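This document opens with one chain alone, in structure tokens, the form predicted on its own.
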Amino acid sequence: MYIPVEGFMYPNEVELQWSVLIVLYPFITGLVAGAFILASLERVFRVEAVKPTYRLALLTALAFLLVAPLPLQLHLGHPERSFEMYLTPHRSSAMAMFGFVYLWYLMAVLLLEIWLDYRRDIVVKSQTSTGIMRFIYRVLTLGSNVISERSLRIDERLGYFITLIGIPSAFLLHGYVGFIFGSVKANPWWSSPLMPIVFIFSAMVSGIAAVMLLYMITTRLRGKEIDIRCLDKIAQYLMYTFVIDFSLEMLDLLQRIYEADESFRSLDFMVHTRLWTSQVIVQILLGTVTPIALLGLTQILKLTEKTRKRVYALAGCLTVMGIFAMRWNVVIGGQLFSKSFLGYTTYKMGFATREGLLTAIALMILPFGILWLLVKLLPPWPDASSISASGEFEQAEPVRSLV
């Protein structure tokens, strides 16, 4: 395969070692962290307006978290060897320790919180379902069939405590990804103390936008009316987080311009040539400035509900696209120039290869398939009986023990 090269390149820099799959890795983990942070708004900070998306956000985080390690596994030459890091942990290896961070967040935080939140529904379904579904729900009860008022209060308190732990865990999950890139000091494109913080806020932005879009789509598919109060509140938090994220990115850019070290000329050349479209046009103009402006207009102008929904949908799509472009520019852009700052290469992405476009598309579709199964198994929608005449969601009365 011919790869166009300009200037002086070391032999090991001609072909990029990290492909589009490594772009998907921080993108997917960012969606996980952002979705969990949105769910915590209702559980911890008591933002009642976003309650319709609470369970959907948890299931979305779980679906994407299950797929998050797959890009790394497909990238490895011997993926079966990756499990050795759990058997022989090495504390000086950032990637090895990240495996334990992932397992902690999956097993001790996300799965446990979902189980506690759904335990009442699981017990009821284990009593009322038939066939194979009855067996599945009985397995999911884990032998805990008591749903008295006291036990449900314990579930609520324990779930609140786990969510408190989950918030810094979500920051650690994605901040650790930014740390891995930011600690690679040999690459000036990534070597910035702001990298983990930028990754955290961009993760919150992408996760909130993704859950907002999923809520709008799933509500329409169910033939229900979208709760505009919930949508307004989510968009408001999305705008605030996006402004902070964009400010941090601009702060990092201004610092690089002011310092103007020996790598600045090379980075400046990259921005004005190979990354002009993906960074300036897609990431900054279309994926950042435009959605912030659209969300800001909804806060200033008195738009109709129908218009606001369309604006939120457009802003959400542009936001997700912009965050993906940011991940692309970090991973791919950081490898397009030589460590000598005298040469530049290009990235050739295959189609039907192990790390090609077809594989990347399949990995992005897979979480939505998992989410569909989770929604069928554990519906995140409130029961009709739990909605009052005023449209507000009420706490369902606890069911007495069925045993």
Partner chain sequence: MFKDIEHLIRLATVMAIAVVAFLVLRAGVVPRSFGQYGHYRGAAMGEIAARPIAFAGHDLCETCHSDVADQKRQGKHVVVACEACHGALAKHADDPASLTPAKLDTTVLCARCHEANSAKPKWFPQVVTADHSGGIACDTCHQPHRPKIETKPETESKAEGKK
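From a predicted model like this one, the values you see are computed outputs, not experimental measurements. Residue numbers count along the first chain shown, from 1.
Keep in mind that the form predicted in complex with the partner chain is missing from the display, and what follows is about it.
Note on the partner interface in the predicted bound form: the residue among 143, 223, 131, 77 having a heavy atom within 4.5 angstroms of the partner chain is 143. With the partner removed from view, the residue among 240, 83, 161, 276 that has a non-hydrogen atom within 4.5 Å of the partner chain in the predicted bound form turns out to be 83.
The partner chain in the predicted bound form is not approached by residue 193, whose heavy atoms all lie more than 4.5 angstroms from it.
Although the partner is absent here, residue 107 is a contact residue: one of its heavy atoms lies within 4.5 angstroms of the partner chain in the predicted bound form. For residue 90, a non-hydrogen atom is located within 4.5 Å of the partner chain in the predicted bound form, even though that partner is not displayed.
The partner chain is not shown here, but in the predicted bound form it comes within 4.5 Å of a heavy atom of residue 116. Segments offered: 169-177, 145-153, 306-314, 209-217. Contacting the partner chain in the predicted bound form at heavy atom distances within 4.5 Å is 145-153.
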